[in-house]
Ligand SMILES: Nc1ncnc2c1ncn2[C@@H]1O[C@H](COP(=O)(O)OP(=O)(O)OP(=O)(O)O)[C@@H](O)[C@H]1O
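Just the one chain here, the form predicted on its own, laid out as structure tokens.
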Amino acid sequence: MQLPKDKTAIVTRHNKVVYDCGDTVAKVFNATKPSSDIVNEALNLTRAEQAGINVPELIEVGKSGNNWAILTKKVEGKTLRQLMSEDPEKVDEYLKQLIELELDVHAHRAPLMNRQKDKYARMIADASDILDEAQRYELLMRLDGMPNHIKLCHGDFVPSNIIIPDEEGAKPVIVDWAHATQGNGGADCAITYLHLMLNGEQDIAERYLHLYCERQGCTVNYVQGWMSIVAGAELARGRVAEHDYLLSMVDVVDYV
């Protein structure tokens, strides 16, 4: 995969850099990211598209130099995160748009996606250097007792992963399908809430949670039942900066 010399880095993470390449966007991973995870992300993208979700067009999966990369067609527009930052008075309006899109994703089915419970069980097991045996057992028991659903779940449904195209009338585009599974929408909501909290957006996280539950017709306690489970799974990602917060969420058993 040959990337242009004038590419511009638009997102930098510990294991990847996302480049604006003009008509395309390249997500270039470093050596810490297993190649199987990268291929699986591309596969998730195509399965979400086949399920009827509006996603970026996949162009290529290959190597840029020594690094694996995923190339997609660029969508001209702004993310919901950008719009919320530019117009804070309309945050609730944008959150409602986020929730409507999330519930629309949950209304779709992708039977070849990995199962959510299987993924969380693996991640909790992988956090053995952080969680002791009793904590892992308790989380796995909670996970096993949660309702089984087969909804398409994005796994990182945050405002920065929703692009509102510049083209008038164009549908929003949902990006970054690395963590997608089929499972329970309540878990997907819990992940969104957790990621907003970790991003320092406590007020927005609380407003999102209550708006989601109101629109979905479920209780806040129902979603909160997933909080300790998804926090335990997130510990497997090596989130050093958020370690203490995630661990505090793991130790919460009941919510008032």
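Please read all numbers here as calculations on a predicted model, not as lab measurements. Don't overthink the numbering: it's just position in the shown sequence, from 1.
We do not show the form predicted together with this ligand, though everything after this point is about it.
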Out of the stretches listed (177-185, 103-111, 127-135, 86-94), which one is close to this ligand in the predicted bound form, meaning heavy atoms within 4.5 Å? 177-185
Answer yes or no: in the predicted bound form, does this ligand come within 4.5 Å of a heavy atom in every one of T79, D156 and N161? yes
So in the predicted bound form, does any heavy atom of K73 sit within 4.5 Å of this ligand? yes
With the partner left out here, check for me: in the predicted bound form, does some heavy atom of H243 sit within 4.5 Å of this ligand? no
Could you confirm whether C21 comes within 4.5 Å of this ligand in the predicted bound form, counting heavy atoms only? no
Does any part of V25 reach within 4.5 Å of this ligand in the predicted bound form? Heavy atoms only, please. yes
Select from 1-39 the residues with a non-hydrogen atom within 4.5 Å of this ligand in the predicted bound form and write them out in sequence order. I10, V11, R13, K16, V18, V25, K27
